[in-house]
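Quick heads-up: it's one chain on its own, the form predicted on its own, in structure tokens.
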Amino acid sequence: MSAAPLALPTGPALRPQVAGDDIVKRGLMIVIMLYLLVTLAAPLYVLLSKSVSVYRFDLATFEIQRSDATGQNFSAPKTVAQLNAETGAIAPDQLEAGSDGRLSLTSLFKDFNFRSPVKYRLRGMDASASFLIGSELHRGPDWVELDSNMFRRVALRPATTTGLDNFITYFSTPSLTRAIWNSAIIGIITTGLVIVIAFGLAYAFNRSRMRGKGFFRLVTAIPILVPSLLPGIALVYLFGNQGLLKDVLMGHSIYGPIGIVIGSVFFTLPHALMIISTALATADARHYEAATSLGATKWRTFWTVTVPGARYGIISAAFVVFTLVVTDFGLPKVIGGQYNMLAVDIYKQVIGQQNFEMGAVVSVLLLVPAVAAFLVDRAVQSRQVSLLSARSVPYAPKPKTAFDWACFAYCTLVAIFILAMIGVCQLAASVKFWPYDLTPTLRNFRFDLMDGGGWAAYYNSITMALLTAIFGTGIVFVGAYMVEKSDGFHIGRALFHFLAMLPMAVPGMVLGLGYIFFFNNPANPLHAIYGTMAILVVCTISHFYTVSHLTALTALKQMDREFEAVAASLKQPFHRLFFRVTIPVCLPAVLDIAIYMFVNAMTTVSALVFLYSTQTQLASVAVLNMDDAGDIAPAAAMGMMIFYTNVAARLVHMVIARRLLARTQAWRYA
């Protein structure tokens, strides 16, 4: 008889113990996650809530009593709705309101006279009914007695409900919905042109032996260093009413779709070029050798090998360009004329008409293409497969005189286009009166004599860009490190990664408007930072968080997790490993994040156009304000100052990077 198997005694389930370092890492991750929730998710939530908030005067929730001529005997109470039914003083369309709507009651009484001894009593019939007496807010069922002089200062406040009325109003207004089609058309046309031009450049850079590749790479990166308003100003000087080349357009105006498309090609080209060039750089020479051995023509090889190999990069670049064009504010504002675009519509609704609810509706519509492009791009990248393996043979182009010179000529044409745009702005900023008096002068740089904030705006931009680079780099890299190098806590890490990726799908105009609704609320404890430099820095960091986060993650993934295991076995705290090993190893990525933050902080307009105050005006916004005031040459001068600053920052970055990397990266070249 066999013995029964021994069973271990039952006891509590074993749980892995969380190390002290992991507790600290999770704590830091939660802190940065809360930062992203407050500076990104919360403003977007408030914005979405605002778009479905409907404000309407509910006359049935207010009651009024009126005295006789002696001011002693009061009539029976009547609701405002009953009084209006008797007099018809308030039309139905007057009941629709915005969040700051106000409705006077004096029209209900045809014989009203503010000098009359007649008195009035007013109350709300529930806690939500509110009214103003001057600037003092009253609500609730208690009667408030007023003389005639005070009664004329009474204004009812609208009640708030939730619904899709704002969207119905938007889509029933043809002048507003036209902006959707305009934005889509401009986005499609520009995307097609940019992808073709960028593919030609990328093909020349990676598949030819032409001379001057380094020079052309530098030139094609120039548009990144200037605000998107600058190409609009350049086009005005070239093709505007007094432009040198206005006859080239054969009677067509540069103010409208033509100008928007040309300017959009200028400022989106570097973004598409970087993506497509990366895709074409990873090619396996064996595929081309196989095509040649099978007798395929060069044209067939191009369509069956080259294009399919770069298709994911092309698709990704197309969605990036389309999103940038549709969500851009600066260029269509400068040169769009009467051709409405979605981003400009937000500005008109909020700044021009103070219609914040309709601005929120347009912002939600602007989120749709941005979110769709982001999701499609994520799906495309998830399906991408490696084109290079351990057995791959890197493709090396062979010298072909005719082809190389053709590539050189093509790149030269593109470079002339870019340099001409920058050169025209520089020329316009440096002459007295374009194009009649080209005498050199510096008076256009006397910003203190013009609208836009003067030189203080320029210095504010530098301050804001430096603060963004310093604090943004720290927050981004620490957050990425906690996500990548923490053990367990899968839900928290997934949520953090989602929040870090969210800014990629949020246009700057949408984020800026969300900040107005969220931070410009006296009940918000963070209301104190509204109108200060702090909110500009916070908004800019949040706006450009995603690319910086991905850059940091890419660098951290290259470090083996054995570093943490070895440090733990030696009982070294993680912060010592972080400062002595991780940062020195990842220093190239850290410096890249810093310069990325700085350059974008100097050039951004859309995210900050709603948030600056008289003390925190910025150079990029000053370009917009000076252009609105008709000071186009000074606007070009300020735009060029932004360009000079970014070029100088790039040079400083290059010098610092060389010196620091020589000390910290010697092991890479040993």
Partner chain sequence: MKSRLATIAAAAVATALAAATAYAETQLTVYTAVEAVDLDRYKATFEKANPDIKINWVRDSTGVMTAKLLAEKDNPQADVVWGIAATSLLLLKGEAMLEPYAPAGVEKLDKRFVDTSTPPSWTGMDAYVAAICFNTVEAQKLGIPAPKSWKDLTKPEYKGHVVMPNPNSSGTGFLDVSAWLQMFGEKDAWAFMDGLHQNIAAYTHSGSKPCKMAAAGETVIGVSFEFPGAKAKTAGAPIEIIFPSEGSGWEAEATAIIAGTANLDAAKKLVDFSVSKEANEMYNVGYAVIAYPGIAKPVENLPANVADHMIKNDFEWAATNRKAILTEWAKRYDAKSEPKT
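The term rigid core refers to the most C-alpha atoms you can superpose between the two forms while keeping them within 1.5 Å. Model, not experiment: these values are computed from the prediction. Residue numbers count along the first chain shown, from 1.
One more form of this protein, predicted together with the partner chain, exists but is not displayed; see below.
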| item | value |
| --- | --- |
| Listed residue (88, 352, 92, 163) with a non-hydrogen atom within 4.5 angstroms of the partner chain in the model of the complex | 352 |
| In the model of the complex, the one of 356, 374, 518, 596 near the partner chain [non-hydrogen atom within 4.5 angstroms] | 356 |
| Three-residue site 102, 137 and 617 fully in contact with the partner chain in the model of the complex at 4.5 Å by heavy atom | yes |
| Which of 331-339, 477-485, 456-464, 74-82 lines the interface with the partner chain in the model of the complex (heavy atom within 4.5 Å) | 331-339 |
| Residue 500: touches the partner chain in the model of the complex, heavy atom cutoff 4.5 angstroms | no |
| Proximity of residue 240 to the partner chain in the model of the complex, heavy atoms at 4.5 Å | yes |
| Contact test in the model of the complex: residue 434 vs the partner chain, heavy atoms, 4.5 Å | yes |
| Residue 251: touches the partner chain in the model of the complex, heavy atom cutoff 4.5 angstroms | yes |
| Contacts with the partner chain in the model of the complex, stretch 175-201 (heavy atom within 4.5 Å) | 175, 178 |
| Large Cα move at residue 209 between this form and the one not shown, threshold 2 Å, rigid core | no |
| Displaced residue check between this form and the one not shown: residue 271, CA, 2 Å or over, core reference | no |
